[in-house]
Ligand SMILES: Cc1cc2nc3c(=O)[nH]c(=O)nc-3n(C[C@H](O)[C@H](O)[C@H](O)COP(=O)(O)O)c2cc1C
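Only one chain comes next, encoded as structure tokens, the form predicted on its own.
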């Protein structure tokens, strides 16, 4: 299991190949069995398989980022998304076979942590069964955007929920069809033992 964690890398190019139901089910179960604060289990998994919905989400995300102007207090990654959207060349989800959007109750003080645990579980499981993943932040950055909220509610997000994370999923478009698995050296994430 540690090897599945050490070798998990982000995939940003996917094959147009259907993921078998049994593989998708085990990934979703891994997410559903992630820990949640006080065991509230309020994560809501929107499993987007429709190419038309993926395209519409891509169009809306680009449209809404293009309306924004960068400010000094924005993270650089948000500024990059605004610039990409204005240039008209930003695919926020990397055109996966499936996008798993994780929403949670706005009243859950642990929503972000619960979502992170669920997505991490799904990423590790996907790597274990030779599928590629990439954490997607853009829907979270637009979680208060009325246009996105309305569309997400039209595809199943409930009132009183917001998006806290998403994950692209699919077969990697690599020469051998496998995820990139060369571990990257750790240059950060300092460890201090207190005895």
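Note that this is a predicted model, so its numbers are computed, not measured. Numbering follows the first chain given and starts at 1.
Keep in mind the form predicted together with this ligand is missing from the figure; the text below concerns it.
Peer 1: Check each of 136, 131, 61, 30 and return the one that places a heavy atom within 4.5 angstroms of this ligand in the predicted complex.
Peer 2: Among 136, 131, 61, 30, a heavy atom within 4.5 Å of this ligand in the predicted complex occurs only for 136.
Peer 1: If you check in the predicted complex, do 12, 94 and 184 all have a non-hydrogen atom within 4.5 Å of this ligand?
Peer 2: Yes, each of 12, 94 and 184 comes within 4.5 Å of this ligand in the predicted complex.
Peer 1: Out of 153-161, 136-144, 31-39, 45-53, where are the residues with a heavy atom within 4.5 Å of this ligand in the predicted complex?
Peer 2: The contacting stretch here is 136-144.
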